[in-house]
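Quick setup: one chain, the form predicted alone, written in structure tokens, and binding and motion questions come after.
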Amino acid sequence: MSEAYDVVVIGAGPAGYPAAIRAAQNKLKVACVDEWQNTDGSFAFGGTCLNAGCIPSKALLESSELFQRAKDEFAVHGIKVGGLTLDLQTMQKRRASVVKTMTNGINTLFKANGVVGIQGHGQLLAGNRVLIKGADGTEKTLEAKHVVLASGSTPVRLQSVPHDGKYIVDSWNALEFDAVPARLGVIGAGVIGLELGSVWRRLGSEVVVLEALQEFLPMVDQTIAKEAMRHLKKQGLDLKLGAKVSSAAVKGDAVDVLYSDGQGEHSLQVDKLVVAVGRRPFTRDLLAQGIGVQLDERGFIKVDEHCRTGVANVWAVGDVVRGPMLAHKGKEEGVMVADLIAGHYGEVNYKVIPSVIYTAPEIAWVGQTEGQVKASGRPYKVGVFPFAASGRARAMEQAAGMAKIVSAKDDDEVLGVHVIGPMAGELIGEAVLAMEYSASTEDIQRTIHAHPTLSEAIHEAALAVDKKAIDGLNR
């Protein structure tokens, strides 16, 4: 006899586990099914984000940045460090510990909220039944009034670049290197490629990043993107744009890479090659035949603005549906769906979803770029404030970058905020809140910011929009 639940969530990543928790908070009987298995064979909730993406990458980014700063910056502060050495084993042990703490936290949250966590592969059957196949071959079926599909995404692999997990690797493998590669190649200059490239460059690798597009970070405001490229090149990342990889093959203990650009064909030899060309929705064996859930031409589950699939009481959230593949976007979708299922109000404002790239300096943005606003034809105004004029940034020895605000000329509404600089990912929260309430530039101008803080850069950029900056030049 099958078990019955109000809600069954397939996937316990950053979209699935919040959906399960909120549904349980709404007094519903909830089960959450996930098949994630780590390289050591252990099972864990949290999906890619906690196990092999957001959390472990940030742990290594933090550790590697501290190592870099100890080498290059501490002396400026009057701190002399002698005999600095890298203990990669300890660094990796810390990364794994951070991950384990976070994934164990989901188990605790499930128990505290009454969510039944189940390890295994979940498949949606007709009639809102979920078949669960355990790793040991056992099977059981759950009955559900509502099913939430949150199966996440998986790295895109290139047919011309055969993945072997040792020399030619994906982003997960690249987080678990047990030695610093002398020469590292990265295919893709997106968020993942730049973050991984930054980690291993700081730790001693010679890093070459091959990007097929001619434009660097096309999704980012181009003032910010150009500033980012300048700093990343200065740090030693060899960024090659318009570089299309045709093949890669393992030769001995190295990888031979062939690529072409505007100057012709080239060859490159590296010790490790990371393929970071994006992610695709993961729907393998997720849907039984004939249940009616539809996929679009790119493999995403089709949903409406409230994440309904079109099949009664079947919802889909996170990376497996349209929109940016961001953990926080998936989380809010999961919470929205759980509230809607319970008959409560639920909404996600897709126009105000922040993005962050955790390089140094960090890059963060929300809303429209200047190029997008210009293309829309709406008259606009721009304010920029450099961190070089920030007393706090100077004191931190992190004065690179700027804050930029794009606002409408007609009603002064803030249309986009873009930051490259220290703690940009934290600073962007203020902009998200302001834009959620359709704030004007003047609203930010009249908001008192503590001094000396990095957040003053947002305040000064808002003042600069109307050429009223106090600590920066008005252009």
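The first residue of the shown sequence is 1; numbering continues from there. None of these values were measured; they are calculated from a predicted model.
Below, we turn to the form predicted together with a small molecule, even though it does not appear here.
J.: Decide whether A288 counts as a contact residue for the small molecule in the predicted bound form under a heavy atom distance cut-off of 4.5 Å.
T.: A288 lies outside the contact set for the small molecule.
J.: Hey, in the predicted bound form, does K93 get a heavy atom within 4.5 angstroms of the small molecule?
T.: Taking the distances in the predicted bound form, the answer for K93 is no, it never comes within 4.5 Å of the small molecule.
J.: Give a yes or no for P386: in the predicted bound form, does one of its heavy atoms lie within 4.5 Å of a heavy atom belonging to the small molecule?
T.: Heavy-atom contact with the small molecule at 4.5 Å: absent for P386.
J.: Can you work out whether A248 and the small molecule are in contact in the predicted bound form, taking contact to mean some heavy atom pair no more than 4.5 Å apart?
T.: The answer is no: A248 has no heavy atom within 4.5 Å of the small molecule.
J.: Choose one stretch from 399 to 407, 105 to 113, 222 to 230, 189 to 197: the one whose residues place a heavy atom within 4.5 angstroms of the small molecule in the predicted bound form.
T.: Stretch 189 to 197 is the one.
J.: Give me the residue from A179, A75, A375, L213 that has a heavy atom within 4.5 Å of the small molecule in the predicted bound form.
T.: Looking at A179, A75, A375, L213 one by one, just L213 meets the 4.5 Å heavy-atom criterion.
J.: Using heavy atoms only and a 4.5 Å cut-off, determine which of L158, L86, I79, A126 is in contact with the small molecule in the predicted bound form.
T.: Going through each option in turn, the one that passes is L158.
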